[in-house]
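A single chain comes next, written as structure tokens; it is the form predicted alone.
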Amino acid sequence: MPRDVHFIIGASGQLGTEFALELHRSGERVVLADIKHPALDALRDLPFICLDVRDRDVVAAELKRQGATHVHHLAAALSARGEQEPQWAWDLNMRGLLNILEVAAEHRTIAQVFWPSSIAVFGPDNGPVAEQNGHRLPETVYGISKQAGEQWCAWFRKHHGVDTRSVRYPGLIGELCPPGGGTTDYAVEVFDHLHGTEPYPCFLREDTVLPMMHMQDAIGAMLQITSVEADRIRNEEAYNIQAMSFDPATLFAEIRRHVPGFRAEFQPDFRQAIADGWPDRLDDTAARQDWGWSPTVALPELVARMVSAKSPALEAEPDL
């Protein structure tokens, strides 16, 4: 029986890099695609295709040539950059997704499409806790594209039988790659400022609570939802997944347990308005019930891992 071929678009990004590495380590057959080569040495020897997902003909030809059975479409313009370049962001996010869905509908050898949605689908009128099928009226280009993308995935699932699967990711924090232009990026980039002489300039207010997740759980959710039987995916759009929620003040206090001299100051910019429109946490009951979602990394472990990765010579203070 032929092996599955996992075709990862956006494989050089924050999520794509760690997902590709996990699949490669587990022995899966992986093909990487992006507009830039992977930065990690561990991925350099894997098949790589320089590809713009907006070019439908190239996408179709490469998916067929590589014998792709599972497409993981992770390329996207994120929230902060999307507000600065709205037409480019909409074009990348929408045309790219539609190209993948159309090709999957035409080529039945593609068994499944995974595409990540986001907390950005929720708007300021949603309230602090976002229900699974709660009101969604996003106010950013990124959020609008993700909301539309959820509807397109549901449409292709209903009318063309494309097995689409999706989760709504919160802010993602990992050790391997820099952030890519999102509103939650402060929680990643701060770890590159642990030992600077100047305070870290945080672009959100100290009391801005947002849902967050360590990359280990982000990858775990993707592996879980893509491996379960199709009849367990009862939500036609995307599933909420929740790991932890915190504000910058709480994160920085945890960092100071490991790096007592760390300092930060708060300089909110245009990203504050974006964050103010997002929920504090997501109700992920449906994901837990339908396919067994459960996070594994809490805030203390997240910070300890990030500090260790950015400061390998430091020993974290023990829990008291």
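So that there is no doubt, residue numbering starts at 1 and follows the sequence shown. Predicted model only: the values in this text are computed from it and were never measured.
Not on display, but discussed next: the form predicted in complex with a small molecule.
Within this chain, Leu78 lines the site of the small molecule in the predicted complex, having a heavy atom no more than 4.5 Å away.
Contact check for Phe122: every heavy atom lies farther than 4.5 Å from the small molecule in the predicted complex. The closest non-hydrogen atom of Gly96 lies beyond 4.5 Å of the small molecule in the predicted complex. Although the partner is absent here, Gly149 sits far enough away that none of its heavy atoms falls within 4.5 Å of the small molecule in the predicted complex. When you look in the predicted complex, the only residue of Ser166, Ser145, Thr184, Asn240 with a non-hydrogen atom within 4.5 Å of the small molecule is Thr184. Residues with any non-hydrogen atom within 4.5 angstroms of the small molecule in the predicted complex fall in just one of 111-119, 214-222, 245-253, 190-198: 111-119.
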